[in-house]
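Consider the single chain below, provided in structure tokens and representing the form predicted on its own.
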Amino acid sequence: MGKLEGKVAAITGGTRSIGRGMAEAFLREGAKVVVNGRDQAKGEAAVAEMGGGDNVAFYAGDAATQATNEGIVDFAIERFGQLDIMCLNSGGVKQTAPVMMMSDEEWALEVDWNLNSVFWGMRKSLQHMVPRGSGRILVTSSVEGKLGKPGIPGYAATKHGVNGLVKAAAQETGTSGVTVNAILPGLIETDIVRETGPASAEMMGLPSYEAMLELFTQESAIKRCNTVEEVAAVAVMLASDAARNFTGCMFAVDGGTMPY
């Protein structure tokens, strides 16, 4: 018996990077899983590669929209009969610009992708979980939700907001059997980070992407990047019955980066 046997999980942004790591770990622990991504063909290919057979399904949609964050909840319930674990994982650095140069449109993109998406998915999930008296909501936040670096003000601000939302929701649902927690990864050199890293490094005033990696790793106690597998292991624990007493918590998977 796996730690998540008989459970159903949904994961936004679940076809690659951290989300895919969570999906694969959940499947190994016996859960049925719905993963979300924007591209139907790529999503179906990712699901096939996971090797979960009928225990894993794909839901297409842009996780920066209300329709997708609410729709994946309905899809998981329709497909597998229930939803026990909601991983609001999608997000990232959408725009890089100093505060004084960031446009309203750029700011709105950051807020929709990193904060509104969590609110929409969390609200819909709670509407299903609270009446049932059980559930786990996991939000992928970031160490930048307690820190803040130049050039990524939208990302830092929205991750701070996500952490506050998690704490508020946990207080509201504390006696319901539903827990709400956040995972705060440090830098992980995923394909997404490699795509956006050069622009982020430039906005942070660093000479190269490699210099950004060096900065993040030297800020940590372990002096290396974190891994997807390390984040997924924490997600499994928080999704399991062993974590029924954890709610409103910020779990830093950052190798000792945050000072508090």
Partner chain sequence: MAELEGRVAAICGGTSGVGLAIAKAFANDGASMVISGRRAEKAPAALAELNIGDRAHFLQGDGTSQDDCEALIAETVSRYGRIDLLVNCAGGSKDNAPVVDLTDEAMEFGLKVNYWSSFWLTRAALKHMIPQNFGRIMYISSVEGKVGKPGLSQYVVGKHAVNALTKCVAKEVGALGITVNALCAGAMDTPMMQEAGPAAAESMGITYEELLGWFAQESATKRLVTVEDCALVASLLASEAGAGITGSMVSIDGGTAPY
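Residue numbers count along the first chain shown, from 1. Keep in mind the model is a prediction, meaning the values are calculated, not measured.
As for the form predicted in complex with the partner chain, it is not shown, yet the points below apply to it.
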item	value
Position in contact with the partner chain when the complex is considered in the predicted bound form, options E214, E229, E49, D54, heavy atoms within 4.5 Å	E229
Site check G61, V73 and H160: each within 4.5 Å of the partner chain in the predicted bound form by heavy atom	no
Partner proximity in the predicted bound form: A252 to the partner chain, non-hydrogen atom cutoff 4.5 Å	yes
The partner chain contact at R224 in the predicted bound form, heavy atom, 4.5 Å	yes
Distance check, I192 to the partner chain in the predicted bound form, heavy atom within 4.5 Å	no
Partner proximity in the predicted bound form: G174 to the partner chain, non-hydrogen atom cutoff 4.5 Å	yes
Candidate stretches 122-130, 84-92, 150-158, 164-172, one within 4.5 Å of the partner chain in the predicted bound form by heavy atom	164-172
Residues in 1-37 with any heavy atom within 4.5 Å of the partner chain in the predicted bound form	none
